[in-house]
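So this first bit is one chain, no partners, the form predicted on its own, shown in structure tokens.
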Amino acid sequence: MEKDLARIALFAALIAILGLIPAITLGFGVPITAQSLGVMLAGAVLGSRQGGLAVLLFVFAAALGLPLLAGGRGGLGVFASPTVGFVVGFPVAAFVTGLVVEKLHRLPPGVNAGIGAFIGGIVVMYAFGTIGMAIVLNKSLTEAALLNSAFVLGDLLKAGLCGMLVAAIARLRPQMLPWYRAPVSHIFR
């Protein structure tokens, strides 16, 4: 139990640390940040339940006012900004990423993590982000989706990086991946 709590807190901290990497804010108020990579990694490494909880802890701390979001943002005002959909979608994205990784556990770990990061960290996160942006900016869903298209290439790269990092973890420290069932050949190395 303590180990699980420590892993959840560690990934919440990782997402906060990734927020220190300077963001590039686009003209419509949504920044390009490294934090979405942290969301993808939380789900891909910890699995659905723990990954979702880690990101929920991060969002809760940011909502309390801690300046954890990119650019030092935090507090309830974030939930009235164009980024609201992304922030609300973070825990769901991590959960779905982890769920996909768990369901595809028979695939090589880097492949299932990349697929999970794509489905959870891009498809799900963009669904939330587009809806939030449409509401806050008073745009149609199509207009908001077009605005979000600026993020696609970077997030595809993040999903690929997530897959590579999880593959490396599976090779070097498979016990860090609670969902991973290492092939017998890995056990006897």
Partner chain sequence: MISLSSPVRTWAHGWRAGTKLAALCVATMLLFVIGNIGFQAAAFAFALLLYCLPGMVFLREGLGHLRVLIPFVVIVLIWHLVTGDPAGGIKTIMRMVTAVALANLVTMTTSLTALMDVVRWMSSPLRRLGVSTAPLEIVLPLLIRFVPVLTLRAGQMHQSWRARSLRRANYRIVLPMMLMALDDADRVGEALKARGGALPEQEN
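Numbering follows the first chain given and starts at 1. Quantities reported herein were computed from a predicted structural model and do not represent experimental measurements.
Unshown form predicted in complex with its partner chain; subsequent notes refer to it.
- With a 4.5 Å cutoff on heavy atoms, N138 counts as touching its partner chain in the predicted complex.
- Contact annotation for T33: at least one heavy atom lies within 4.5 Å of its partner chain in the predicted complex.
- Taking the partner from the other structure, its partner chain in the predicted complex has no heavy atom within 4.5 Å of any heavy atom of G160.
- Among residues of the shown chain, L64 is one whose heavy atoms approach its partner chain to within 4.5 Å in the predicted complex.
- Along 67-101, these residues reach a heavy atom to within 4.5 Å of its partner chain in the predicted complex: P67, L68, G72, R73, G74, G75, L76, G77, A80, S81, P82, T83.
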